[in-house]
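Given as structure tokens, the chain that follows is alone and in the form predicted alone.
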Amino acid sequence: MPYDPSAYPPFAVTVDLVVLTVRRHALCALVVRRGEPPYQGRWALPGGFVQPKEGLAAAAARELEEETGLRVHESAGQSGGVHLEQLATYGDPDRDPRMRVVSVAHLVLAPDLPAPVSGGDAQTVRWAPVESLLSSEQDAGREAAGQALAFDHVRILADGVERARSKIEYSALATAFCPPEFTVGELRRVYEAVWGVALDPRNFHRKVTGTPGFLVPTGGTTTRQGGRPAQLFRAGGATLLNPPMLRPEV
């Protein structure tokens, strides 16, 4: 029997982006204020519709650049660069009031980035602390006032944050939040910001410097943190950490 496309209801595919960075020692996500219906004027994750002859990763990179002016490329998450990976697929029938829309969310991790520039259908774009964005899920007052994230983006953001928190336990992905050369103290603050906990500096230094392939000394030092010169490191070649950096229970 020949295939008849008209026999099936149409639906669209979008990409949504969970873009995380550490700014002022806090884990922050990129959000845009929507300039068009639905949810006009509401904050949302950056994203948009996939074009007919476009791959998903290419659509994610294009949407991020169009709406914010930031450029990313798919990579292995080396320090000083930008890490892009597919997160999950979201397809609840009523997640978008326009039509049936399936979203393929992507997770982007990057070092402290400059203030983004809005574009596309975004009126305003900003970095916002993850904690404040996720709190809107339990805050009925913010939802009623239109301050909560649009669509199901709180759920997508929560999934992205948990992915990041989990992956830095067993992989070297935490270095994706760091510049090319960084101190152990700067790396520790990344873990503290992502996990939302305080870590013992001495124990942390012992663990990260004792994990094979995690960090490589550059031979340089810096005083940018104040006080005595601190040794500089770069990301090593390890992709998996053995032993892992286990997240403290809170």
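Just so we're clear, the structure is a prediction, and the values are computed from it rather than from any experiment. Quick note: we count residues from 1 along the sequence shown, nothing fancier. Think of the rigid core as the biggest set of C-alphas that the two forms share within 1.5 Å after superposition.
Below, we turn to the form predicted together with a further copy of the same chain, even though it does not appear here.
Site check Pro9, Pro93 and Val104: each within 4.5 Å of a further copy of the same chain in the predicted complex by heavy atom: Per the other structure, all of Pro9, Pro93 and Val104 touch a further copy of the same chain.
So which of Gln40, Gln51, Thr209, Thr221 gets a non-hydrogen atom within 4.5 Å of a further copy of the same chain in the predicted complex? By the 4.5 Å heavy-atom cutoff, the listed residue in contact is Gln51.
So, in the predicted complex, is Ala88 in contact with a further copy of the same chain at a 4.5 angstroms heavy atom limit? Contact check for Ala88: yes, within 4.5 Å of a further copy of the same chain in the predicted complex.
Counting only non-hydrogen atoms and a 4.5 angstroms cut-off, does Val216 reach a further copy of the same chain in the predicted complex? Although a further copy of the same chain is absent here, Val216 would stay clear of it in the predicted complex, with no heavy atoms inside 4.5 Å.
Do Arg34 and a further copy of the same chain share at least one heavy atom pair within 4.5 Å in the predicted complex? Contact with a further copy of the same chain, yes.
Please tell me whether any heavy atom belonging to Thr239 falls inside 4.5 Å of a heavy atom of a further copy of the same chain, as the geometry stands in the predicted complex. Judged by the heavy-atom cut-off of 4.5 Å, Thr239 is well away from a further copy of the same chain in the predicted complex.
Please name which of the stretches 23 to 31, 200 to 208, 41 to 49, 186 to 194 has residues with heavy atoms lying within 4.5 Å of a further copy of the same chain in the predicted complex. This holds for exactly one stretch, 41 to 49.
Just checking, between this form and the one not shown and with the core aligned, does Glu66 shift 2 Å or more at the CA? For Glu66, whose C-alpha is compared between this form and the one not shown after core superposition, the shift is 2 Å or more.
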